[in-house]
Each structure stands twice: as C-alpha cells, then as structure tokens.
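We begin with a single chain expressed as structure tokens, specifically the form predicted on its own.
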Amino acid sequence: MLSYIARRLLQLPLLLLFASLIVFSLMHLAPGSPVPLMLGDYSDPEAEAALTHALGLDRPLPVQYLSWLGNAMRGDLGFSVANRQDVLGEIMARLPNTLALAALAMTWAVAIAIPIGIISAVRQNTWVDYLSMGVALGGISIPNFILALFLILVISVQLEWLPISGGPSVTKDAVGALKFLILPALALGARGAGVIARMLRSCMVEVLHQDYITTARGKGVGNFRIYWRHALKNAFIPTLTVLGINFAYMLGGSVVIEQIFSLPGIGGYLMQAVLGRDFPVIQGISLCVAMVFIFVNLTTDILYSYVDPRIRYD
C-alpha cells in the first residue's frame, strides 16, 4: 500500500502539469482580454497597449505559460489583474469555506442516502421502494439553485429559522459559520444524496441475491446483521467511487450556491474572476481544485483496501 501511495504521489507533478496546460490553453484561446475591463471608461488604444505590456500579455503564449508555471512551482500564483491581491493568499483564505461547505453537504447526503438505499433494497418492488427512489430521483432532477431558492423562501423567509446569506469564515468563527452553511449544504448535497442512494440500492439488491447471504440466513443470522455487516460492506465498495465523484462535483457546484448565499468561498471568487477575465485567479483556482480532485481519488483508492481486504495494490 505504501509503495502504491508513493507511486501516486510521484505522478502528482505530471498530472498537475497536464491540468495547468489545459487550463492555461483554454483561458488564452477564449476571445477577449481583461485589459478593457480594467480600464473601463478610460480605455483607449495607447492605454490598452501600455497595460497589456505591463501585465505581460503581449508576450508569446509559451513564454507566458513557462513563466507562470515556474512561479507556480515556487508557490507564487501571481497577482489578480483586477485588484493586485496575491492569488494564493486569497485562495487559502477562501478554500476552507468551500471545503467546509462540500464536507457538510457530503455528510448529510451520506447520512440520508445510506438508510434510503438499504431500505429500498430490502423492500424491493414495494411502495416503500418506489417512494424512496422517487425522492432520490427528485434530488437528482431538481437543479440545486432552484432548491436553494426554495429553501430560502421556506426556511429563512417564512419560518425564519436560519439566516439567508453571508456569514463569517470558518477559520475565524467555525461555530458561527455553521448556521450560515446549513441551507447551502442542503441545496448542494441533494443531488449527491439521490445518486448515492440509487447506486447503493442497486448494489444492495445484487448483493442480497448472493449465495453467502442465503447461507447466512440458513444459519439463522439476524436480518440486521445481514444487512448492515455483510451486505452493506460489500455493496459499499462500488459506492465509494460515487462518493468521491460527488465530492468533486460539490466543489464545482459550489460556484452557483456560494453566489446565491453570498458565501466567502472560492466559488464566488472564481465567478468574479471569470466575469473579469482575471487569468491568474482562474488559473490558480483551477490548479488548486485539480489538486483536491487528485487527493480525493487517492483517498478513495486507499479506502477500497480497508472496506475490502481482498483489494491490494502491489
């Protein structure tokens, strides 16, 4: 296992290099420039040319890429072209809020999906199964921004249980930030809960028809032990992949949710950068998110061996 982890970590620079090349290429292939947006009403050809030269945007693209890559390898992601703030510092200040939102969304999604998936598999082709899968399908089908607006209207406006938007950073006031993250997490995790529940239900149905389950019933093993200890453990192996994919989806889906709830995360920061064509910010956030994706996949692979001892990475 340690040798496998070491090999994966050695592949990390190559994966990040590939991700950085894609991000850089897509950004510079897109039409438009941040210079006119930065100058605003004072934009004219001479001013645009001077600012373009000052930002280094008039250099050949390979030179720009190599310069940015060299700085990134030293931990320098540059400065925002909009406000000249350090990109890495801004990301590090906002990333904990986005990770906390995604973790909270994943927590409630798993807490809801596992009982629903098990009950649906045990009560296969009954009204309980149809109702549970209908609820799961609703979570998948409803866009998270629609669900977010519905939650705001009902829970925040009418019932006044939770605040609508804003909130402190989790690094400064974790307890105070929690109540501001509940509604966004509910909206963000609904799709994940539906996907996980449907996947777990399918795996559980398949496992419950295996011979060793029939043997366990023949030996008089109780249903609770069969479902939770034997069937769930084996059905959860393919579900782990879905968990990793959905956590990555939640990081990406947080862009819209953070905008709706005015949360101080990288989603809102990325949206501002895209609208302002702030190349260093977009490239820096994309690189950091790519690193999170890679480590999530690595963690998922490691968990496989703990859930199923038969899996070994030699």
Partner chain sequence: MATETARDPREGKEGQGILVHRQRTLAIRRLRRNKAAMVGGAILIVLILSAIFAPLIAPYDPIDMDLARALDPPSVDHLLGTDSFGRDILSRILFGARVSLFIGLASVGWAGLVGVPAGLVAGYFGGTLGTVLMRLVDALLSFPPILLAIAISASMGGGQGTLIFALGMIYVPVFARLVRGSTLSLREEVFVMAAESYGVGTAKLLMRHILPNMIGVVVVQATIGFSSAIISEATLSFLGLGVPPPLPSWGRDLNDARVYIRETWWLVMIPALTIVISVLGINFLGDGLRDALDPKMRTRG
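Just so we're clear, the structure is a prediction, and the values are computed from it rather than from any experiment. Positions refer to the first chain, counted from 1. Whichever C-alpha set is largest while still superposing within 1.5 Å between the two forms counts as the rigid core.
There is another form of the same protein, the form predicted in complex with its partner chain; it is not shown, and what comes next is about it.
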So in the predicted complex, are A109, F236 and Y304 all sitting within 4.5 Å of its partner chain, heavy atoms only? no
Please run the contact check for D86 against its partner chain in the predicted complex: heavy atoms, 4.5 angstroms, yes or no? no
According to a 4.5 angstroms non-hydrogen atom cut-off, is D76 in contact with its partner chain in the predicted complex? no
Even though the partner isn't displayed, in the predicted complex is I260 close enough to its partner chain, meaning a heavy atom within 4.5 Å? yes
Non-hydrogen atom contact T126 with its partner chain in the predicted complex at 4.5 angstroms: no
Of 78 to 86, 170 to 178, 134 to 142, 225 to 233, the segment with heavy atoms within 4.5 Å of its partner chain in the predicted complex is residues 134 to 142
Tell me, which of L69, V274, L57, V35 has a heavy atom within 4.5 angstroms of its partner chain in the predicted complex? V274
Contacting member of I213, L95, I164, I119, with respect to its partner chain in the predicted complex [4.5 Å, heavy atom]: I164
Is the shift of A248 between the shown form and the other one large enough to count as movement, that is, does its C-alpha move by 2 Å or more after the core is superposed? no
